[in-house]
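One chain comes next, on its own, written as structure tokens: the form predicted on its own.
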């Protein structure tokens, strides 16, 4: 589709998604059977979700991950081949067990994940040949779920991004929310981010991930309903991230949309229209069937927009649109269509939801996005 190649590396697993149509989470009781309507097997993790979404949009991504030589690994590779994606860049670990996630998606609540990390914990920088990665964007997803990436204060994660930058690649990083009681939940993620972000061009976490890693007290207050998410909090978080060296930070906000903050240096990497931007893109109105993969497919739309040299307004619009297509289906990527269909739906005047976290200092800009008081689009 374009000379700028997109490579997606990191966490890869098999998602096992029971079709849960009736009943509530309270039905999970010892000794009790809960009836499901069927089951979906889907590749999961950032590598598969973002990579397959890019393929469906019309790109030809390179996917880099790690599986074992077991039945779960065979299913993962076969599912990638069905999407016309070459799995040869996926490292094979004889004798190791591949990663899987059981995704519980009851009608009455958000998803619950039963996750086994498997070969993701042994994935390392040695699994990559940066000289073989084509020029363009390299995106890394879910280091909190990959042990080699967070031990030793994130030394391998830093090495990944430092080496990628040395090879002239545009770098992108997505996170995952670790179990607070787990080993990765007790890691000093703020210190790791301070170490890594000077080599990251695009930092694309969710608000929950960012709060958990940067301010656990604020995270607890928001989760418990004692504090409300607003743009002032987003401004504080994004300013800190930019101060640590990231060129741009995009924060996924769920029903509130996608927030973007960039610094002056973003212009040198992505073009003049990216300098000092302050934007919130609302989500599009759709009937939601499932939210599995919504964040990863939103990132696919974001990376696609960057690869196509779109403006920040257009990139955020495309990202939220791809995420909206995703949630119209049960599985993580089944709803993602070709880029042409996404753009046609946007052009027909696809209705957006109204965000609740903006105040009077924000104004409506092009493509239905909102521009914050720190936005300098008129000066670019």
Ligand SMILES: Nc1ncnc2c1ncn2[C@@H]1O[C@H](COP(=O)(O)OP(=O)(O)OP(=O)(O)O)[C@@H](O)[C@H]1O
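Numbering follows the first chain given and starts at 1. On a predicted model such as this, the values are computed, not experimentally measured, just so you know.
This protein has a second form, the form predicted in complex with the ligand, left out of what is shown; the following refers to that one.
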| property | result |
| --- | --- |
| Residue 193: touches the ligand in the predicted bound form, heavy atom cutoff 4.5 angstroms | no |
| 4.5 angstroms heavy atom contact with the ligand in the predicted bound form for residue 141 | no |
| Non-hydrogen atom contact residue 301 with the ligand in the predicted bound form at 4.5 angstroms | no |
| Contact label in the predicted bound form: residue 67 to the ligand, heavy atom within 4.5 Å | no |
| Proximity to the ligand in the predicted bound form (heavy atom, within 4.5 Å), stretch among 94-102, 150-158, 250-258, 305-313 | 250-258 |
| One residue of 231, 124, 276, 291 in contact with the ligand, assessed in the predicted bound form (non-hydrogen atom, 4.5 angstroms) | 291 |
| Contact assignment for the ligand in the predicted bound form, among 219, 113, 244, 284, heavy atom within 4.5 Å | 284 |
| Heavy atom within 4.5 Å of the ligand in the predicted bound form - qualifying residues of 305-337 | 320, 323, 324, 327 |
